[in-house]
Structures are given as C-alpha cells and as structure tokens.
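Before any questions on binding or motion, here is one chain by itself as structure tokens, the form predicted on its own.
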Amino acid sequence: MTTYVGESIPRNDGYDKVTGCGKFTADIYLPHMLYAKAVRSPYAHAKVLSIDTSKAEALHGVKAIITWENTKHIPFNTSATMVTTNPPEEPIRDQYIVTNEPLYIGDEVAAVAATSEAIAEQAVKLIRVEYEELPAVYDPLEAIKPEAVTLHPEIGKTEVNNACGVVVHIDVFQGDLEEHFKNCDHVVETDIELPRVKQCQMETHGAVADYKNGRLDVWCTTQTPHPTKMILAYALDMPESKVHVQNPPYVGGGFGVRIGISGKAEIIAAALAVEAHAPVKFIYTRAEDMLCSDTRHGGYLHCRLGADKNGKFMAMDTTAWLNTGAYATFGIELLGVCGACGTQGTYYIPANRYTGYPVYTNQETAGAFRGFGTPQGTAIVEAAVDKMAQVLGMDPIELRHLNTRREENPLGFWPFPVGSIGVDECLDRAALAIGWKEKRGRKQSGNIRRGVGIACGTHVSNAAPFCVDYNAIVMRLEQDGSLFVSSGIPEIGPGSTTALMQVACDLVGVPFESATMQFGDTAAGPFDIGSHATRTLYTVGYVMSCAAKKLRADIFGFASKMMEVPAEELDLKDGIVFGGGKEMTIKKLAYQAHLRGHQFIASECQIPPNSLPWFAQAAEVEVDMELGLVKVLKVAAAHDVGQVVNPVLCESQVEGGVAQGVGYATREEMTYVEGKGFYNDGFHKYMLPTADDICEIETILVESRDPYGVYGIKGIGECGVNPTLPAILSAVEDATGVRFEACPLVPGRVLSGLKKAGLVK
C-alpha cells in the first residue's frame, strides 16, 4: 500500500510559478555583467574570407568579441550524444563555438559582449564579414545524390553522400526479405512526407556564464546539467572539476530542444566570459530560438507491409530519409528510435527491416523533439496498417489486435524483456471513448463530413542500453527526521520533482510535507543524464528505490538498538518506526542519532531497466469539403503508464502531447524560402495551436503494473504526441475517402487532395 503514489498532490513548484516568484535564467543578474549578441550568417553555405571587428571594438561599452580566430578549434556536438554514445562508437563532432564556414542561414560566425544589449546589438552591426558563397542543398533526397555538395567532408566517406555519420540499419529476419514478401497474400505500400516543426517552449534558450580564477559557473536553460558541464569542459579544454552548471532552478519548457547545451547559449556566453573576464548573459530572442536551434526532423518515409490472407503480418520494410540540417546533434540516434520504436516495436512481424538516413542539408539543425523519432515511424507504419485493413476488408482495430506484440513474442530488436503490454486495452478503451462502432465508416454526403480514426504504438522509458544512461542519487534524513533528496535532474515543467518526492516518501516511509529535493545543479547532485526520453520519473524512481533500501536498513539498524527490537521486525511508515509492540517517531530517532554522531544517509548509482509504455489514440474530425478545413473535434488518448503516480500531472502530460500532435497534423510547418531561410521567425508567423484550437481531449490512464518499474510505473512524457498525427489522418480518410500522404493538413493541401480525388471541383 502506498500513501502518496496515486494521489494528485499539488506540485511543489506551483506557488513559485503562479506568483511569478520562480527564478529562470533571464532573472539571473551578476555584478558587472555583460550582455551578448551573435553575428549570424546570411548565407546557407559560405566561406568566411575575413572579419573586420575594428569598428565594433572601438565602440564604447564593447568588452569582448569572439571569432574563429580567437576561440578554441575543438570540434564538438551540442547535444548530449557528445557524452552518451556507447563505446566503441564515437559521437559525431562537427560543430565549433563559432565557425568560418557557415552551413545554414543563422549559423554563428562571431559574438560580442558589451555593457548593455543595445550596445551589443550596435556592435554586431559594425562587424564586417566578407563571405564567399558556396553551393547549398536543402532537401534530403537531393542531398544524398552523389553530385550534391558534401557538407561535412571531415567526417569521412559515408554509405551515401551527406549521411550524417552512418546509415541506420535494423534487420530482424532470417534469410532473404524478398522471399518473405513472396509468401505474403497481400502487400501494400505507403508514403508520407512530414514537416519540420518547432518545439516552441515558453522560455527561449539562455545562459549566464561567470569565469573567475580558472573556474566557470553557468546558469542556463539546459535539460541536462551534467552532460552540459561535460560538453563545455571539452569544448573549452577545461577540467570538468572547474565547470559548474545549474538551472536557476526552473526551466521554462524544453520538449527536447536543449538535451545538451541550449542552442549555443552556454558555450558562447562562456567563451565571451573567458575573453572578457566578466560575467556574460546571452538570451536568445524568439527569432533566434525559432531559426537557430534544433527542430523536429521533417522528411520522407516509405513502408511496404505484407500479410497473409487472414491479416497476420509477415514482412515489413520501412525506409526513412530525414532532414537533420547543418549539424548532426541527435541525427543518428533519432533515426534509430524512429526504427526501433516507431516501426519495429508495436507489432510482431517475423521479417522486419528498417533503414534510416539522417541527412545533412544547409538548413537549421533538426534534433530532439518530444517523441524523438517515434512520431515519424508511427505515422508511416499506422498508415500502412490502415491500408492493409482496407485491402483485407477488416476493421482496423481488429487487424491491430491480430498483430500487436505479445509478451511471448521473440524480443526482436529489443535487448531486454518487454514487460507489461497494455496496447490492446488502450485500443479498446480509446475506441469506446470515441464511439468507434457507431461512427466509423458512415456513408456521408454534403459539405461537412465527419470521420473517426485510430493509431497505436510504443516508446521507451529511457535510453538504456542504447546509449549511456544512468542515475546517481543521495538520500538523507536531516536531524529532524525530514527527508532530503539530491539529484542532478532538472525541473523543466512537467512536475517531475513533485511526483518523484511522492515516490521517495512512500519508499522511505516519511511524510511528504517535510521532504525536500535539490535538483538541477551539478555541484549539489551527483551525475544524472537529465530530463529526456520519457525517463525522469521512471529512472530516478528506480535509483531511489535502491537508495531507499539502504537508508531504511541504516535506520532500522540504529533503531534496533534504541528500541531494543530486532531490526528485521521493524517497519517505517508515515514517519513512525514501529515493531515489537513499540514505536518511535523518525524525528526523535534522527535527533538521537545526531546526538551520537550519526546521520542516516544513502547513495546509489544504477543503470535503470527499460519498460515500454504503450498507447492508442482515437480521433474524430470534421472536414469542410468546400474550404478544405480540418477541425479535430476530439481525441481519446489511452496510455499504458504502468502505474499512475500523480493523476493530474499524468493527464497533463498526455494532454500537452496531444495538443502538439494536433498542431503537427493540421497546422504547424516551418516554411523555407531559398536565399532567405525559414519564414517562421516568431509565433505570429507560425501556426501554433492556441487554446481556442484545442479539441476535447479524453485522457484514459491504463495501469498494467510493469514488473520492472518501481511500483509498476513506466515513462509518459513523450508518448502523448506519438500517435496523434496518424489517428487524425485515419479520421480524415474515414470522413472523405482520401488518404493524405503529406502534412500538415492545411486547407490548401486538403482542398488540392479532394480535387485530385474528384470529390470537389
């Protein structure tokens, strides 16, 4: 029995945030602090021939200018993959603090630190850069052609031109794949083109760096303080012991965009601080955040799916060509997750091949974004499943039930036991909530038509063992018996630090009200990879369970002597140690221990297991056949979360993911204009759904009690967005009879598709 797990306890950071008292990076001010601005390339690909900084240097208030000529030339990777790539593989290191060969419009070629933002902006305009414009390529299918310009010749020969390091191959079959397809009674093929979309987190990238006596202190917006510390130390050629990174303590969202350093905010602020011998603040404008930091990968996917006459899947072959932009960041890892989770996880298919091409182009870099490749993979596979259902004349849900993965299936790609699988329950409950039986397949005419669709899938609860992923933690009881937990994880908005303390207090057996957590600080907490991959609650909860066992053993060992009761007969719940007919408050016990020179303290470091979350979402849409407008009326989102820790927080994660999925499917798209770059330099030029656009969302939490997660929990953070787009595409097809193979479903694209199908003039 638990006291706090399963309860909607108000979040610990709620007061700070609703009253405006919470401190973020922009709120950090230090004595004699300078302000930074960057000089960015106006060309998609160019060589810097010369930089004249003399006029800027002469401007009163300018304290430091960095260029290629006075910064370290140590190639690195801004993403956490820089320090989490499993050996013997090596991370792709293709970035510099500032560059002399910009590879996209917006690439940093210099930066200025001055006594005010206005002076820094003026100085940037006084820097004269002479460029030689070079050939550029923007589309991944064009970039892989042998005749296209090679953007990173320094990483060596690759399987295809401009492949970002390696081409990802995941082959799970025996023999010849084509022979498996020959044995199929039905084979369908599908294509999809997906847009590049932006995270649009509330707080833009930012950092404040202070360099004194060989020590670097950084306050910043990263989702991963410890990896950021390691990246900064590497790129600046400093001992890691001399670098300290912390959140201030809050971060205004992330959605994956700052797994590693935040754009280049930390490294540029740090390089300027070293040069100026003064603290430097660098806060991205919204335009810089939109145009000069990672996006979701757009690109193309193709799937061929084969089944027998009864609908049993027998073979699948999927290929993805995704646009990773100018630099690698997470290009390889994301294409791997696209294959593993998006195409090979949900269904058991005896012969399954996936090929993923992460492709360099001369555009803004694409990297991590909620779902991390699973949305793209799920979109193409679920389209193929729907098409197969049509060919077979089967109900799409019946076909899915026939093929969803079972615990007894071979592991295939997964190198660990799959654990509990709640996908079938998710399908049934989502279908029931949307009214599937009554609404699917209705014959319709007229201008306004409605349809329902469904999609399902799986993801991971962390990145282990595919890359370096572990947690370390310290738990102690203060002298008054209150629990103190020290962890390196950040709080980027989902309420993880509240849910984790619910888990911790139940594990130890102490009151929630007096417990405290230190987080987001490399000096205060031991190493933790950080907040990404749906991992925070799942993995930190796991390492907490190991530390809590040690802590309780320490407590019971001491209490046994004080209470004269054997330790194995003692228990601790709600702050009371009891057993053998006796009891003592943990407050009294901790103080007695203090008087005898003892503190209850435990630490632990563990690689977590990995439990797969499952999900299904059903969507209902309304399509205006004359205007091409798609309105999403409702999404029923059923998610297998293992065990609900905090229902309100859990539902919020699903709802936020669904909202992003609706935007992904129907509105959002970064639009590139050759010679100018992306058009979308702010929210006023980017069709982010507003509160008025969000449909009814019915969240259904399925508890399958995973055998490996603490209390049975699984990850949830990224899953809400994964199946939304294919569920909406399925619903639009049900309404109109047209399967769209490109997103978003903006009116022009929809109307064009309806006209092509002969449904409207």
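Please read all numbers here as calculations on a predicted model, not as lab measurements. In case it trips you up, residue 1 is the first one in the sequence shown, and so on.
The same protein also exists as the form predicted in complex with another copy of the chain; that form is not shown, yet it is the one meant from here on.
Out of the listed residues H302, K242, R667, K387, K242 is the one that sits within 4.5 Å of another copy of the chain in the model of the complex by at least one heavy atom. Among Y138, F181, Y470, F173, the residue placing a heavy atom within 4.5 Å of another copy of the chain in the model of the complex is Y470.
Contact annotation for the candidate site: Y250, M517 and A523 all lie close to another copy of the chain in the model of the complex (heavy atom within 4.5 Å). Proximity to another copy of the chain in the model of the complex, taken as heavy atoms within 4.5 Å, picks out 526 to 534 from the listed stretches 379 to 387, 358 to 366, 113 to 121, 526 to 534. Within 4.5 Å of some heavy atom of another copy of the chain in the model of the complex lies at least one heavy atom of E478.
Taking the partner from elsewhere, L572 is found to have every heavy atom lying beyond 4.5 Å of another copy of the chain in the model of the complex. The closest non-hydrogen atom of L627 lies beyond 4.5 Å of another copy of the chain in the model of the complex. Another copy of the chain is not shown here, and in the model of the complex it never comes within 4.5 Å of any heavy atom of T285. Interface residues of 583 to 597, taken as those with a heavy atom within 4.5 Å of another copy of the chain in the model of the complex (partner not displayed): Y591, Q592, H594, L595, R596, G597, in sequence order.
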